[in-house]
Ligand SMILES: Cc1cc2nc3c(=O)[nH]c(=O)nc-3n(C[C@H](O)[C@H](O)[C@H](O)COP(=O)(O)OP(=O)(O)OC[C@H]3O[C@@H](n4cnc5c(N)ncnc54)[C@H](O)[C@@H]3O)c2cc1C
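Next up is one chain by itself, shown in structure tokens, the form predicted on its own.
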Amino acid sequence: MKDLIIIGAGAIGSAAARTLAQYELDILVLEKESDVGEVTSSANSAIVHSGYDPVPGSEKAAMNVRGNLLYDQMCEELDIDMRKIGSLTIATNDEEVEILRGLEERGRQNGVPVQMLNREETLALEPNLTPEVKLALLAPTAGIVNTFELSVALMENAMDNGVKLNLNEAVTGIRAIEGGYEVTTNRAVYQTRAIVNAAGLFSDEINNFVNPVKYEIQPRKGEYFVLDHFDPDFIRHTIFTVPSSKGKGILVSPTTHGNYILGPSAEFVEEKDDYSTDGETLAQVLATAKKLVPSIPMNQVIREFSGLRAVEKSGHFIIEESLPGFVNLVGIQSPGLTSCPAIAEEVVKFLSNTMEMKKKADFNPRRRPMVRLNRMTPEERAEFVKKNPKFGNIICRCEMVSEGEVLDCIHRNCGAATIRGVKRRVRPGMGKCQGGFCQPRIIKILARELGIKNEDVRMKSPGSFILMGETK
């Protein structure tokens, strides 16, 4: 019998796995996708929220504020690219000014440092903002994070410390048994003393297998534009519109790799796999973004995408031990990414009621650092390549990714096994050509390193093959 099964390997499940890896427990993580962080955790705004927005006293407020405080140490230990660049929430009319003043007070109640700026102070910080700005709320502890790297780094460190991960394994049933639970998947049957339900969009279904109290996830879609890295000083902070009942509103923000992101929209959809985008919605996103930053250069757009948030019908974070040894993490929408290290702490508190939590003497909180050639000086890069020639073979010209970086991301714990897996870890295919140059080279490297045929290399999920066979 396992001590613990964690269902779901997004940011929440991976953070729980890494935190629980500190203890002498036999832990298995089950993930139905082909990689960790494949769904909501890789299709979002990539913002580390300060915590001024959630209702004071709510679970969201507590987890957001605590999570923000934990992010610096977590990202330093795991070599995750994160920067506290601060956010500005913009008011352009009297109605928005009133909302902004309410957010200022809410931030103070949540213990979040905020500062109200007038028009001149705001434009001094961000000259490309609309001249119609009246007031802006500065939240200096807000940040941006490499959201693709986050789940991977958390799970890699968990696996380095003994956690086991099974990918492409979907849970199809759970029932209570003496001393714990029986978990049935598409591949096996397991017995476990405890379960952590971190299944995101499907966390309601996991809960409803065993819990008499039923939940319902309503997917909320957000559509985005991604712009190329064209001017490092175009926008320096994350720029928000005032929030509404649908969410924190449209934002314009830099990313950790120098791109810019616009979005998201916020509309409920019926299906949990509806990642379509449409021209009308994207036009509305752009129109709102241009009210913040009128000079957005749309000739720099390289991609549109959408993501789904797991909104529980109540609208609340549900963090509870609903049954003995069954911990629910349901409806963890925004600011879930920011909250993940704090939610992991709560999981430990719940499980300590069920089992002995004895800390390991040899737990290592650090991940082996990534090789980041683009952060080296030319002299450092030349010296590094001299010792490691494969880091001098550039595979992706848009993002300047080397063969050595691709090999490293394949052969780590929680390594890449698909084209998308490589792309999310070290960025080949993220640039202007969107993989037109580098994808054939990534296919050959994956086939060689995994010992499979070129035509067996997948884009991501089972069946998503790129090649049918040789033509000559």
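Please read these numbers as outputs of a predicted model, since none were measured by experiment. Each residue number is its position in the shown sequence, starting from 1.
Unshown form predicted in complex with this ligand; subsequent notes refer to it.
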Of 193-201, 131-139, 110-118, 92-100, which is the one stretch near this ligand in the predicted complex, taking non-hydrogen atoms within 4.5 angstroms as near? 193-201
is_contact(T338, this ligand) in the predicted complex, heavy atom dist at most 4.5 Å: yes
Looking in the predicted complex, any heavy atom of Q333 within 4.5 Å of this ligand? yes
Tell me, yes or no, whether R412 is in contact with this ligand in the predicted complex, where a contact means a heavy atom of each within 4.5 Å. no
Verify the contact flag for H237: yes if a non-hydrogen atom of it lies within 4.5 Å of a non-hydrogen atom of this ligand in the predicted complex, no if not. no
Among A61, V39, M430, I27, which has at least one heavy atom within 4.5 Å of this ligand in the predicted complex? V39
So which bits of 1-25 sit within 4.5 Å of this ligand in the predicted complex, heavy atoms only? I7, G8, A9, G10, A11, I12, G13
